[in-house]
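Read the single chain below, which is given as C-alpha cells and is the form predicted on its own.
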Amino acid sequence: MTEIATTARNDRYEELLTAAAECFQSRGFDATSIDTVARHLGATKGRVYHYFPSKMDLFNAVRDRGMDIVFQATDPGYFADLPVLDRLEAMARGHARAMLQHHSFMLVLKDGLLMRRYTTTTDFQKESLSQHIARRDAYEARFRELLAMGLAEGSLRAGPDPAITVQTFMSALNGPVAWFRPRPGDTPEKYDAIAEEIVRFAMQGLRALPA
C-alpha cells in the first residue's frame, strides 16, 4: 500500500470515529446505530462495517481514541524538565483543553469509564474493556505520581487521603464534559480562556500554603 493510500485510509478511519463520537454524544448509545453513524457520515453502512463488526466495537474504538487524546494532551507536561508544580499545571491545562476541544470523544470516554450503561459480550470486547481500564489507571497514576512528588518536596498539599485529593482534582478537570456545550464559532481563544479558569480553580486546592 502506498503512503498516499495509507494516509487516505487513515483519514477515512478518523472521519468515521469523529462521526460516531458525535452520534453517541447527541443521541446516546442506545439510540445510535451503525445506520445512524453511516447517515451522519454520508456513507454506506458497509463502510462502517468494513472497520467494525458491531456498534459495541465502534463505541470501544471511540472510547479508546478519547484515551489517546488525553494522553497526547498531557504528555508535554508529564515529560517536561520542569518543577513538579509546573508539570502538574501543564498536564491539567492539556487535559482541560482536551475536554473542550474534543468534547464528543470525552463524553464517550466518560460513559465508557462508568462501565454501567454498556455491556461487553464477546471475548474481544471484554479484553478491550480490560485494556481500557488499565490505560485509565495508568493515566491517573501520572497525576498521583506528581502529587506524591509535590507532597514530598512541600510544593503541593493534600487531605488525609491523597487518593481522594486526586479524584477531586480530576473531577474539576473533567467538569466540562458535564456542563460545556460546543457552539458554532467557538475559537481556540475561548477554549484557552475556559481551560485557564478550570486550571486556576483546580490548582488552587493543591498549592502549598505560604509558611
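The numbering used is simple: start at 1 and walk along the sequence shown. Please read these numbers as outputs of a predicted model, since none were measured by experiment.
Although it is not shown, the form predicted together with the DNA is what the next lines describe.
Taking a 4.5 Å heavy atom cutoff to the DNA in the predicted bound form, the contact residue among 163, 172, 43, 177 is 43.
When the DNA is considered in the predicted bound form, only one residue from 34, 61, 158, 70 comes within 4.5 Å through any heavy atom, namely 34. None of 138 to 146, 177 to 185, 43 to 51, 61 to 69 except one has non-hydrogen atoms within 4.5 angstroms of the DNA in the predicted bound form; the exception is 43 to 51. Contact annotation: residue 12 falls within 4.5 Å of the DNA in the predicted bound form, judged by heavy atom distances.
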